[in-house]
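There is one chain below, alone, in structure tokens, taken in the form predicted alone.
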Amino acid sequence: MHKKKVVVVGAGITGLTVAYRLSKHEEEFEIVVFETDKQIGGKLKTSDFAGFLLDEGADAFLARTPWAVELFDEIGVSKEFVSPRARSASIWTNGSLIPLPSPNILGIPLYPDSKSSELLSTGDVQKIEQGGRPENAIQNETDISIGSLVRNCVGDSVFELFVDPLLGGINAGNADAMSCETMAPQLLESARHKDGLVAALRETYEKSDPESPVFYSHPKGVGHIVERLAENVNGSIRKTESVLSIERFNEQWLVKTPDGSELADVVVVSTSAQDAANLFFSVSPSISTRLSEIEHASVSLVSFAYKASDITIPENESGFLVPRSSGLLMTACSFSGNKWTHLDDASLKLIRVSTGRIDDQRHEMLDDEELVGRLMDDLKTTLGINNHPLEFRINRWPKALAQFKVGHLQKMEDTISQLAVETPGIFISGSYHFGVGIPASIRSGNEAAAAVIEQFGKN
């Protein structure tokens, strides 16, 4: 039987998922993966820092969504996972750290009886008590922004103090403009509950096991999980080999690289939206334009290692969030040793500080020395740290996080449908499809692989 030649562009978590899924059908597909970088994983990288294996980007993934858990179960790495030991966090507001509401779902307090609720307006506390019924009905089959939904159901103060710092911080975005259908579908569904948003979230919470893990990681870092996935790919992974262009060649596609070209029956572009837009420029200008219109935010992540005697951090907390109203450069701070047992050390404290939002790119204007200095000023303000760190590491991620505006999923569905007509045999997948995070990226890879199998696999 003649195998179909599949070229996967990009060896991040999405591209590797595509390659893995297709390699399960090795009698049907021959797979080649091209990766520009000298290592796989894209933004999921782990390296040595202060004697520890510390992630340079994401350090965990959601345990309660299926796509990542199912994939990692398949490759046999799940049994090695660890979960954060510290499950609470704080918010920096009014010059101090205040615990986030407990319990909460995506920052929304379920019961207005915690210290943090004292920060809310009286009217918003009443809305929570009464179940969070929307003042204006939320229509079925309609996507709206997270901001409009939360403000509608539980008020401005809940959104600005808790929800935007959490969800906006995760995506370096502005939750007033973010698609609820993409980023928080559970909120959209809950807001349509007859008794209101909070009432529905309470039902969900009361049916769940509060002790079950929320996040997973690996003691050797997220990068180790990526390496394990790559080991299960039956195909060729070519590092430091960029794809320069894709051209139609009879009934196939000619994939050009600096080292030559590859003739393929199928091409799966698993890169950033910007890189995909560049590759589509010659084969489908309209698809290229659609992808280039997806906005992206740049972020910087600075890791610090302090002598334990030089720093005091709250016990049993994983870190804190910083609202945009604070004026600080930092958006969040994570206490790595509190969070992960394998990063705990009696003599050393590791913390990671994030900065950057779609509407705050001050960090990009700073050189490395200025960036570290400004974030150390923020640490002095928030945690009272006066001493210099033993070590620091800067990871800059330019244009790293796609911004998911209202109607994003429908636009992606339309783009994929148009792609099938204009460039049959080329597929797209990536972190700009279903939302931020490892599970969403894997979901995108799963769906791209399934589409390839449906169209080019055995009948």
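Values in this document were obtained by computation on a predicted structure and should not be read as measured data. Start at 1 with the first residue shown and count on from there.
Not on display, but discussed next: the form predicted in complex with a small molecule.
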Exercise for review: Verify the contact flag for E30: yes if a non-hydrogen atom of it lies within 4.5 Å of a non-hydrogen atom of the small molecule in the predicted complex, no if not.
Suggested key: no
Exercise for review: State yes or no: in the predicted complex, is some non-hydrogen atom of L279 no more than 4.5 angstroms from a non-hydrogen atom of the small molecule?
Suggested key: yes
Check your understanding: Can any non-hydrogen atom of A60 be found within 4.5 angstroms of the small molecule in the predicted complex?
Key -> yes
**Study point:** Touches the small molecule in the predicted complex: S242 (any heavy atom, 4.5 Å)
**Key:** yes
Revision key, fill the gap. With the partner omitted here, the residue among S47, Q410, Q418, T36 that in the predicted complex has a heavy atom within 4.5 Å of the small molecule is T36
Practice item. Could you spot which one of A400, V69, V406, L53 gets a heavy atom to within 4.5 Å of the small molecule in the predicted complex? Key: A400
Study note, to complete from the structure: Note: the small molecule not shown here; in the predicted complex, the stretch from 22-30, 386-394, 425-433, 410-418 having heavy atoms within 4.5 Å of it is 425-433
